[in-house]
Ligand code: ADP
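Below, in structure tokens: the form predicted on its own, a single chain.
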């Protein structure tokens, strides 16, 4: 593993700016983070649908879906979770270079991992915190995972026996236990417009 001295970055004649000019938008990553059941996938889907209806090219990278393919070799240890996020960050960087608005729905529980993604993507990284209490997330339990974690059937489950570190200064915070899906999605799309990612 590691960098091979014989592998050299190849610069292409078409730039990110060229692609963004064609698409009339800026490539950016909307990084949804929060506990299981906090609404990451639900809100990300709602945002993507709104953007698509506005003629905006998007792509949603969902945590469960990615683990069916690209990251199917990874488990849920801290090390595997870090590698999961590292790979997603690199994929997201490619989408940003293509000028695509990319939505990622991953628990991504550790601040350092999210910081590393921010370092990679710079000002094209927007951290969105799904602010929802553990009690509400557990009461929703859409996949029955909290129940399994409480009985010991699942180990290293975020919020139960594995930590979740809340973002300190996210660009956007949505209260998914207080706001409607439509309001949460609307706030995020409005932010994109205000910051000039979409016209």
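The structure displayed is predicted, hence computed values, not measured ones. Positions refer to the first chain, counted from 1.
Note that the form predicted in complex with the ligand isn't included here; everything after this is about it.
Between the options 162, 173, 41, 50, which residue brings a heavy atom to within 4.5 Å of the ligand in the model of the complex? For this set of options, the contacting one is 41.
Note which of 56, 26, 140, 67 lies within 4.5 Å of the ligand in the model of the complex, where distance is taken over heavy atoms; exactly one does. Looking at the other structure, the residue within range turns out to be 140.
is_contact(residue 158, the ligand) in the model of the complex, heavy atom dist at most 4.5 Å: No, no contact at 4.5 Å.
State yes or no: in the model of the complex, is some non-hydrogen atom of residue 22 no more than 4.5 angstroms from a non-hydrogen atom of the ligand? No, residue 22 is distant from the partner.
Just to confirm, residue 180 within 4.5 Å of the ligand in the model of the complex by heavy atoms? Contact with the ligand, yes.
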